[in-house]
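Have a look below at one chain only, the form predicted on its own, in structure tokens format.
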């Protein structure tokens, strides 16, 4: 037994000296200190030792085991130190090297324009409401006084999800939802995405609108123009004026198209305003009595005005963009030009 221990000790020293990694150290443990290792086999061999010699021999084997465990732990600590030293060396940062420059991102021009518009109207006391993008026919058309045979209801203009369910063609349904849930006075702004089957240099199947609605006693068209004067001056400059032209929308009566004096030429006439000195920017009017009645508001007591602004339209005019598709192509050369 003593010869076996001595031979095993020499073999153990040789094996321990060749260990260079944690994986090899784990194999050493299994070979010598594991449940099926060489030292465990020595303990099993005590049965062949004379009975009177067993206690002394068991003590020798245990002392040998403790020596091996101590050597194992010392080597393990050494390997961990070497591993930590190597990792620290590989993760060192040379503070004399130039820093890695990371380009700063910015908001999308549509978001920048929308936020600026909301800030202007919020300063006038408007609250913001966001309605669902998937609407029913009742909110999107019927209660807005759009006739059953109106071309806007056709599939060539509107994306239908089901027979009476569609992707909203305007943010005006949000006005209906607000009037259903609130009593006058109402002063609300409804921004969001809208969808129409239309696509060219100035139109997109998906674009952004911002509807505004004011309902109270004694509201007139003059209130609409006064508010829009403040809006366009905040967006385009203090010298900008508005002009109202008669138009038609099913949900307002009277209805108007709103032009602004050309901020490029000062009204003298240029390519931007097509020589007229004016640029069309939005539509609006006095809320139709039937729309108020459809929402349970007495048109004999209350009146209101509504307007709808294309956010892309404002952004294109503000930044001189001539193609709406640039907003959606994710071209960083285009997007990097905008800073909030």
Ligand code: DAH
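Bear in mind the structure is a predicted one, so any value in this text is a computation, not a measurement. Residue numbers count along the first chain shown, from 1.
What comes next is about the form predicted in complex with this ligand, which does not appear here.
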inquiry  = Tell me which stretch of 64 to 72, 30 to 38, 51 to 59, 279 to 287 has a heavy atom within 4.5 angstroms of this ligand in the predicted bound form.
reply    = 279 to 287
request  = State yes or no: in the predicted bound form, is some non-hydrogen atom of residue 135 no more than 4.5 angstroms from a non-hydrogen atom of this ligand?
outcome  = no
inquiry  = Under a 4.5 Å heavy atom criterion, is residue 129 part of the interface with this ligand in the predicted bound form?
reply    = no
inquiry  = Since only the chain is shown here, I'm wondering whether residue 113 would be in contact with this ligand in the predicted bound form (any heavy atom pair within 4.5 Å).
reply    = no
task = Flag residue 251 as yes or no: does it have a non-hydrogen atom within 4.5 angstroms of any non-hydrogen atom of this ligand in the predicted bound form?
result = yes
note = Among 209, 204, 261, 158, just one has a heavy atom within 4.5 Å of this ligand in the predicted bound form, namely 209
task = Let me know which residues along 308 to 324 have a heavy atom within 4.5 Å of this ligand in the predicted bound form, or say none if there are none.
result = 308
